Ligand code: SAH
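Just the one chain here, the form predicted on its own, laid out as structure tokens.
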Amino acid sequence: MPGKLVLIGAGPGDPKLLTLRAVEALREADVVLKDRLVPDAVLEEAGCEAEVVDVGKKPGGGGWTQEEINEKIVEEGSKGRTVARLKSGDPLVFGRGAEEIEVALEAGMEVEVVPGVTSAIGVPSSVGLPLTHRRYASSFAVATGHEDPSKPESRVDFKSLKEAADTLVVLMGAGRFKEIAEDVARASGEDTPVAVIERGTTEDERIKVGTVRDVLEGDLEADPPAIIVFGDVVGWWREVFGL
């Protein structure tokens, strides 16, 4: 009888931000397929007999392909095993979780999704940076800065997103930081405040603040993994916290 796939969100980085159900699911798993950015400390919650496989993709290529991960899920499921697919953040936010649900269901496996704290919200919140504020921001948008390279063209219009939303949050955008900043400048000006939070909620966290102009002039850069936040809430946060 086919096994079960459990998609687990590990949260933004700090193992203490795991949900109770995430801990339970890890303890119940026969095999854990972990992503690259999931901290090793999270794996301490896995059962002592669980097989742990690092299936993370590496920057610039290398590591496991998505096709290989899908095949591994089906292979383990065919043995009747419970497969914990452990992803950073939330498993259905820019994590290809939907593709893995499809292959598992096609193989006749049971599927459960355990939500996680997405880094898009959890990382800014952990440092007191609100994405909304009654006086400064009534809406926010979240976008990826790293799209599928097989797409004929980008589907993310950062200029339109910033025009439509008061706050713009970009994940995986360090490699295109200046390009994204150019689009934001066209939408809301070079004085738009921007915050960069690298390795958020971990011991190696680093915070950088400035304006879009600083990015364009090369005075503000982002090193991955980083969350980038554009908007007036950043200016409020910088003033209140004395950054």
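Numbering starts at 1 and runs along the sequence shown. What you see is a predicted model, and the numbers here were worked out from it, not measured in a lab.
The next section is about a form of this same protein that is not shown, the form predicted together with the ligand.
- Only one segment in the set 160-168, 104-112, 129-137, 88-96 has any non-hydrogen atom within 4.5 angstroms of the ligand in the predicted bound form, and it is 88-96.
- The ligand is not drawn, but in the predicted bound form it has no heavy atom within 4.5 Å of residue 193.
- The shortest heavy atom separation between residue 57 and the ligand in the predicted bound form exceeds 4.5 Å.
- Within this chain, residue 199 lines the site of the ligand in the predicted bound form, having a heavy atom no more than 4.5 Å away.
- Proximity of residue 172 to the ligand in the predicted bound form: non-hydrogen atoms within 4.5 Å are present.
- The partner is absent here; in the predicted bound form, the one residue of 37, 216, 207, 43 having a heavy atom within 4.5 Å of the ligand is 37.
- Taking a 4.5 Å heavy atom cutoff to the ligand in the predicted bound form, the contacting residues in 101-130 are 118, 119, 120, 123.
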